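Given next, in structure tokens, is a single chain: the form predicted on its own.
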Amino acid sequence: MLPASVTVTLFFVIPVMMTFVFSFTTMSSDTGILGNRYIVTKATILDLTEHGIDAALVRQLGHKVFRFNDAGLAKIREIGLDSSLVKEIEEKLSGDEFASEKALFAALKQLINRPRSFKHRKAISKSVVNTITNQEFRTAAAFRAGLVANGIKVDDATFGQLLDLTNTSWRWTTDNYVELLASDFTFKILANTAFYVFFTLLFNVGFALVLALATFYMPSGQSKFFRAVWLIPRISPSVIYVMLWKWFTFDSGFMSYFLGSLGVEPENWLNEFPWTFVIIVNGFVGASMGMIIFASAVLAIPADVLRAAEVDGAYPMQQVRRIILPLMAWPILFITSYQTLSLLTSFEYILLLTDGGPGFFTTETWALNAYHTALSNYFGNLRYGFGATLAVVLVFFGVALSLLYLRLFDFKKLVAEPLIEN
């Protein structure tokens, strides 16, 4: 019991709880995840005067000075310049100070061993620059020390304002849930998810049952061959599997070639019928797993029961309806629950096939939207907090559907003690 409890805690409870906590934050790629970050950016400098900060102080915050002091010279030694150039810089420019990068470059051109490339001149410039702009400070004390090091003196009240205005760290908030409820796209993505899960589940569970039952009534050698064939989608690398489907559906692919012989104009069938192929592609993968479980369950039914049914005149369809399906309630519950949760949370094949398109949110599901929001989007700002909010909602959907399945399949009856004792 202890190993199972530890495993569930480490790999389910803790990740879910952390995701729930993150959903109440403004964490993003702009804020980072490590707490306070004080940065004076160019955009910040433009906004400071509008918040009552003295114009002279704003100019100081944006000011750059290029100093060849001990710290700058030490950095120059580390950037891989020619030793003769480094030596000449130490001899001729040590202690010098330049008010602009242009003046610094002009001084470097006067050296005998002057740097020939712009790359080297820029590396020297970055080594000796002294500025508060675009430097990152983790604490208020470090920010204060950075201001002092650049000759910027501020009183406590002004410093407090600067802390508020330059703090780009995440904050606690409930706005993620408010935004989710108010978004015009929430219902669209939710409807997409329900459509995708329902029809793909219907396809892969139903098709898996058909495959398992069909191969059960085949001779042993043929049944093994057909089961092996239907495992190909699952064991194929996802990228290769999707590439084959894309080739199949391209306007110059096999489908257009075949239909062209019947007089049908070539089309990019994936763009024309995206949901059809999303469901089929995912359905074949899910059906292969369901087929294995269902086939094993059918083979586990005592042969004497089916022989007795044959003696009583039961045809194969009657055996399936009256004997096989009732005895497979537990495997069907497992596969249905597992596939539902898998479809809710997986997006790999949709990502590779359509990436949520074609168009705007055409095949975007909830899990794919969470991925796009938190880890990969076209806008560059990865919103970890809002992505976590989407993930939390997905967890609640999964739990609710699991409880619904347990009720529909009468789980207590399935696990009850048998009425007939050995």
Partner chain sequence: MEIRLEKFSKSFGPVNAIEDMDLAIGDGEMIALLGPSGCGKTTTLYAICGLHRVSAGRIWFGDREVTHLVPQERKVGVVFQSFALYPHLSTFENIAFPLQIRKESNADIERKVKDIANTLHIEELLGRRPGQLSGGQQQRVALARALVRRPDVLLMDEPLANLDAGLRLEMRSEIRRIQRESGCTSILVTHDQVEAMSMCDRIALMHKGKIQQIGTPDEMYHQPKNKFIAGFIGNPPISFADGVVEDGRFVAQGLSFELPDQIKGASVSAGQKIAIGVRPEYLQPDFATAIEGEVTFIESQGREILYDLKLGGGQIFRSIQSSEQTCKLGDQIHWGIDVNSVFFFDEQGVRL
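Nothing here was measured: the structure is a model prediction, and the numbers come from that model. Positions refer to the first chain, counted from 1.
The protein also exists as the form predicted in complex with the partner chain; that form is not presented, and the subsequent description refers to it.
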query	finding
All of Arg138, Ser169 and Arg171 within 4.5 Å of the partner chain in the predicted bound form, heavy atom check	no
Residue stretch of 318 to 326, 160 to 168, 176 to 184, 123 to 131 approaching the partner chain in the predicted bound form, non-hydrogen atom distance within 4.5 Å	318 to 326
Heavy atom of Asp156 within 4.5 Å of the partner chain in the predicted bound form	no
Heavy atom of Ile240 within 4.5 Å of the partner chain in the predicted bound form	no
Non-hydrogen atom contact Arg307 with the partner chain in the predicted bound form at 4.5 angstroms	yes
Partner contact for Asp312 in the predicted bound form: the partner chain, 4.5 angstroms, heavy atom	yes
